[in-house]
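Just the one chain here, the form predicted on its own, laid out as C-alpha cells.
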C-alpha cells in the first residue's frame, strides 16, 4: 500500500459524500492543508484522515472550531499529548451532557404532545357524541303540520 497516496478534491468529495465546496471550506478554515500544483489542490493521506475526523466530529456535535483546536494540539506534538487527551475527554463529556439534555427535552415534548393529543381526542369524541344525539333528537321530534 502506498502511504504517500494523494487525492484530488473530487476524489475526497466523492468518497465522503460531500461537495467540493465543503472540502474547500474546510481548507479555508485551516482544517485541511493541501499542496498545490498550479491551480490544482493535492490532498495527502493526512488530509483524507482529517476530513474523515471532521465529518465524524460533526456527527458527534463538535463545532469546527473545537475540531480545529484538537487538530492544532495534535500538530504541536505529532503524537498527541496529555493536554489534548484531557481536552478531548472534557469535550466528549460536554457533548454527552448536551445530548442527555436534548433527550430529556424530547421526552418532555413527547409527554406534552401525548397530553394535548389525548385532550383533542376527548373533545372530538364529545363533539361527535353531541352531534349524534342532536341528529337523533331531530329525528324523533314530531313534525309540525299546518
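Positions refer to the first chain, counted from 1. Everything numeric in this text was worked out from a predicted model, so none of it was measured. Definition used throughout: the rigid core is the maximal C-alpha set that superposes within 1.5 Å between two forms.
Although not depicted, the form predicted together with a further copy of the same chain is the subject of the following passage.
In the predicted complex, a further copy of the same chain sits beyond 4.5 Å of every heavy atom of residue 36. Contact check for residue 95: a heavy atom falls within 4.5 Å of a further copy of the same chain in the predicted complex. Although the partner is absent from this view, residue 137 stays clear of a further copy of the same chain in the predicted complex, with no non-hydrogen atom inside 4.5 angstroms. Using a 4.5 Å cutoff between non-hydrogen atoms, residue 128 counts as a contact of a further copy of the same chain in the predicted complex.
Using a 4.5 Å cut-off on any heavy atom, the residues of 32-70 that reach a further copy of the same chain in the predicted complex are, in sequence order, 53, 56, 59, 60. The Cα position of residue 122 differs by 2 Å or more between this form and the one not shown after fitting on the rigid core. Residue 110: CA moves 2 Å or more between this form and the one not shown after rigid-core fitting. Core-superposed comparison between this form and the one not shown: the CA of residue 28 stays below a 2 Å shift. CA of residue 103 to CA of residue 60: closer by 3 Å or more in the predicted complex than in the shown form. Whereas the shown form places them at one spacing, the Cα atoms of residue 19 and residue 91 lie at least 3 Å farther apart in the predicted complex.
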